[in-house]
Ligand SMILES: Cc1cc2nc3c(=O)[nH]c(=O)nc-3n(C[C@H](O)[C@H](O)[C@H](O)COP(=O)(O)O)c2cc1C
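What follows is one chain in structure tokens, specifically the form predicted on its own.
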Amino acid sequence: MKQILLILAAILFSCCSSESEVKAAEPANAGKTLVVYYSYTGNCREIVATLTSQIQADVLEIQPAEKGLRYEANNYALGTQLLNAIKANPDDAGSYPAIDPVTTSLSDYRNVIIVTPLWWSQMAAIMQTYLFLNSSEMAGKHVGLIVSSHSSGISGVVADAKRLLPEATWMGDALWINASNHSKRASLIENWLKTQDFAEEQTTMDKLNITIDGATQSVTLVDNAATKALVEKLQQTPVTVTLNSSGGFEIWGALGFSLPTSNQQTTARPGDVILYNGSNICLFYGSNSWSYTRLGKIDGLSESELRTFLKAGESDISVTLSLPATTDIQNPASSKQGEGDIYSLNGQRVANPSKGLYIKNGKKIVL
């Protein structure tokens, strides 16, 4: 059984059925991991099988909508045509080849590992489609990249990944597996995993609640200065704001205070929670492109459900932002006796903590 040492991890062992072979466990405090892959020749499928024999992860295979196409025929004529269409209009969804519908929700995962082939020094067009369609959902995720090629270098694929996922947190350098070292993929993957910065287990510090007209939905926050400042504000007291519908795609309004900005040209999508001009919050039920700072994404609602929850089209909508499971930990200054106490991630005071991840004075610590 292989041993994988990852950040903030105690080394664990876990066994699976003989069908899936023995897997080395992820660290106890690592977030859930999803492996997303596309395989044309079968090489990436073999890489994924080896990878998931070493870590616990769910797997999602991306498939083209049109089956049986030979992308390599006639000196890669079709594959080149698809890549050129993307290069000509990379911001247009119509430039990307259609893929089968995907039902896997990225909100369930903190870490995503992408396994993709290289086509003519670029990322395979099919995988580019998936990343383009899910770029906003990947914001703030810890993302790793494994690239399979015959002999070509992978810098172009890395560039494509960073273009398509501008707000992802990259776990480390990409892994290149080519024809000459494919048979050694097990050791290559094992060593690569040790260099990757997997996200911690998600805690209430990574979430906030939005309450509208008595209905509450959770929001998964991205990791940036704005969300840290917002959580600090909400540790003191919930915040209620009045928002109004605008443009047929959002409700928005003033927070009443400012947060740090890290604005980027962003295409906001349904469910996105966005900071605009440093002091305005926008909750999206549609889509719009502008220079924003992303805060997070509302969990688990379809576009039609978002319109209902956000009171799309209405005015003077009362919206309350709060932290889940408020305890002494959210307001440690409220009691002198509680200062310095140690809490579990779910807010329970711990008298004799063992090694692990805890909260002290409102901050995460490692013992």
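Here the structure is a predicted model, which is why all the values come from computation and not from measurement. Note that residue numbering follows the sequence shown and begins at 1.
Here the subject shifts to the form predicted together with the named molecule, a form of this protein not shown in this document.
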| property | result |
| --- | --- |
| Non-hydrogen atom within 4.5 Å of the named molecule in the predicted complex for each of 87, 132 and 166 | no |
| Selected contact from 76, 249, 290, 170, since only one has a non-hydrogen atom within 4.5 angstroms of the named molecule in the predicted complex | 76 |
| Among the candidates 195, 107, 121, 216, the residue which, in the predicted complex, approaches the named molecule to within 4.5 Å (heavy atoms) | 121 |
| Candidate stretches 303-311, 56-64, 316-324, 43-51 - the one whose heavy atoms come within 4.5 Å of the named molecule in the predicted complex | 43-51 |
| 4.5 Å heavy atom contact, residue 253 to the named molecule in the predicted complex | no |
| Distance check, residue 151 to the named molecule in the predicted complex, heavy atom within 4.5 Å | yes |
| Residue 33: touches the named molecule in the predicted complex, heavy atom cutoff 4.5 angstroms | no |
| Residue 117, heavy atom within 4.5 angstroms of the named molecule in the predicted complex | yes |
